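The form predicted alone is given below as one chain in structure tokens.
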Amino acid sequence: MKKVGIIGWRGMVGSVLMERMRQEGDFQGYEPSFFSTSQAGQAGPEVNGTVYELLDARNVALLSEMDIIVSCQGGGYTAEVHPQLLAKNWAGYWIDAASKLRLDEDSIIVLDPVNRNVIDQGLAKGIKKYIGGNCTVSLMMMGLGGLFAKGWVEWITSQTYQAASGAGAKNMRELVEQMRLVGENAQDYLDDPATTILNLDRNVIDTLRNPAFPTANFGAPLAGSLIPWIDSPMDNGQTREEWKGVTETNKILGLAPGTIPIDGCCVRIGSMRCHSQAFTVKLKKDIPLSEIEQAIGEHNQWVQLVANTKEETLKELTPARVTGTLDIPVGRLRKMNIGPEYLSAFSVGDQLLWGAAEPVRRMLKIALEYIG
């Protein structure tokens, strides 16, 4: 029976991965082992009635016994352990939610509803590194996959509205703490119907600007505000998060770097775990909107076309609606005034599901099927 090692199963992405694997009945047909960097020897998760003892995630000898390793531990762990496994001539499959190996020439970014053909070609060629993609890129590809599959896309700008979860669990907590303080400080004003809106507004601004306001993780207030900067700076004025759009999209599709230009501005907003994106798509030709809708809606089972009406948009096209689901609603579809080959669209997706855990979960199943 094949052996699968799972590392980082207690973290944010790992917890979502474990939840999905339980929901889908994935813990069968192989022997799972659970590794920890800090709790080796202690009791681990219970799976199908068995409580697994945690193994040492830095014990390369134990890791090298695995046919497949799934890591949600982070890039630092990958950088430390993966080279040691290769030095031992380990020939197993490394499936990783972290970005460390994402752009290696001998790795494939996994998003099988979009690039199953690229994954299958990689398996046939003997590629052993399968890496989850950037969350916004993966969510964009899931929503607009039909346009890419048809070869209709000339270029895209994506203005993103990214959730706190993309920055980590500490940031999610900080956002809620910020919300609590804003509400608590404004409580007397809200309870008094005679309070003028300007006084309430001044109270909120005073709270956000108070030096004691909790911003240790974000570096600025996010509740009641936004932060138009994500990740580190690039030499060309982009942030690294914005640079990933063009780099990873083309790699996912198996295209040469820069084949489809993609750029935009990445913004952190006060959503907990759903990323939203507003797209301007330059099509290669004028395509009827009905054909565009059909291509998008039929591409994969998770895409949900949302009618371009106020009622449907408010009902279906928000993080509050999508959080915790695999749904990828795409709406606000329309041709733009700047020309019939320009398309406007808006999508929402859960950053922890299709943006992180789900492609990794599905890649594990694909690898198991491939090696039998």
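Start at 1 and count along the sequence shown; that's the residue number. These numbers were taken from a predicted model, which means no experiment stands behind them.
The protein also exists as the form predicted in complex with ligand HSE; that form is not presented, and the subsequent description refers to it.
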Identify which of C135, I131, I292, I156 has a heavy atom within 4.5 Å of ligand HSE in the model of the complex; exactly one of them does. C135
Please identify the residue among G145, G264, G166, P221 with any heavy atom within 4.5 Å of ligand HSE in the model of the complex. G166
In terms of non-hydrogen atoms within 4.5 angstroms, which of the given stretches 204-212, 297-305, 268-276, 172-180 touches ligand HSE in the model of the complex? 268-276
Might T78 be said to contact ligand HSE in the model of the complex, defining contact as any heavy atom within 4.5 Å? no
Please check if Q73 has a heavy atom lying within 4.5 Å of any heavy atom of ligand HSE in the model of the complex. no
is_contact(Q162, ligand HSE) in the model of the complex, heavy atom dist at most 4.5 Å: yes
Would I227 count as touching ligand HSE in the model of the complex under a 4.5 Å heavy atom rule? no
Of the residues spanning 338-358, the ones with some heavy atom within 4.5 Å of ligand HSE in the model of the complex are Q351
